[in-house]
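Just so you know, structure 1 and structure 2 below are the same protein chain in two forms, each on its own as structure tokens.
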Structure 1
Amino acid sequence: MSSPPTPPAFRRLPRAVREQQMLDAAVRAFSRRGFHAASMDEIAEDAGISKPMVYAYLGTKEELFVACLHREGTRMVEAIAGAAAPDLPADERLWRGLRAFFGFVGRHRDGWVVLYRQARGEQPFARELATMRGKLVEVVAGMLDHALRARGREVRETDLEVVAYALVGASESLADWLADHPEADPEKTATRMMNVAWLGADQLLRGITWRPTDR
């Protein structure tokens, strides 16, 4: 008597799976509506789970957002790091990194948006975000430094960092543009960014263009 009429077939999933469902829902909500406008009710419902479970698994709203940031950020960094092997020449590394970056953005537009567009405005995440971006800047700066030393030249560290910062910033902006233009081709966008970054306006104006050699 009083046995459960509907078998709980879809319930009692392992914790890891549930967490991913929640993060998926959270990324959707945060990227579409922003950190403040997204509500925990909304996220819980979209994840098909009750609110207390979200709190039990992923903590407060801020922690949840940070968790999203971490997951998407890690995915992106891994994608880029896996592509730009450190033993290649400078331009090849840059090109592969850019291609990986824009490819990732093209495949995870939601993730990208939540990562950069939303997080930047909210103080609590500024540091978190700065750390992640710092890693990228460091990689690019290291790349430049490496190439310079190979030619027997050296540059003040600040200069390097700022130049790297500018390159990363330009890429972010183009990625932002890419996220807003679903029809745009990530590969082409990467090529354009490469042209700007590598050749600069002066060369471009002279008709010099950079083109990917392989592929």
Structure 2
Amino acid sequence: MSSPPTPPAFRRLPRAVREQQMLDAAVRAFSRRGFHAASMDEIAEDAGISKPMVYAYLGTKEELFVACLHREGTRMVEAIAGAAAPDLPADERLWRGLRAFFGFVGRHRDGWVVLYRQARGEQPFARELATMRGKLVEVVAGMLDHALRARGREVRETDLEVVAYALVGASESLADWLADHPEADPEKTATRMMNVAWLGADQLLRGITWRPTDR
């Protein structure tokens, strides 16, 4: 009689390392196949672990998807905030923030697909995404506020928030384009966005605003 097959042996790794492997595999699977089509079996196989271990470490598929969102979103916000030092001139801060953002998307295209495409159409993931976007808007609004105060000007909080949302929204749309064009250079993409954004931001910093001619 032939002996039963030996179950695969999994190399023991620190929990934090193993969790990152699972998240890497999950981001790839969710990016390729979407939340509903991706299976825990393929995620476990890609990570080189057993399916029960995925459940034990990160919970259900829904909880795993949220963990992916949190990791990718945190990485993105930290990259932007870390690049834009507060002692830099306003245009340099915005440029470095944009370069960090598009650089993140270029390096983590699968992660961006999960963040921007998969999450926004699925509840409760869309709420998680809205929370992360809110944090990013806060970072951008803080950069603008700092630059304005350095020039002796103050702008209403609502106006800062609106401009920050506009910059974040435009950057997200262009990042979505970048994710679909692997041949595109993230730094050149950041330069294009900078040229569009800074023309408006510079006017704002100098107190110049457009108004309808009938007012």
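Only the largest set of C-alpha atoms that superpose within 1.5 Å between the two forms is called the rigid core. Structure 1's sequence is the ruler for residue numbers, which start at 1. Because the structure is predicted, anything quoted here is derived from the model rather than measured.
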* Structure fact -> Output row: form predicted on its own located in structure 2
* To do: Determine whether the C-alpha of residue 145 shifts by 2 Å or more between structure 1 and structure 2 once the rigid core is superposed.
  => yes
* Asked: Taking the rigid core as the reference frame, is the Cα of residue 90 displaced by 2 Å or more between structure 1 and structure 2?
  -> yes
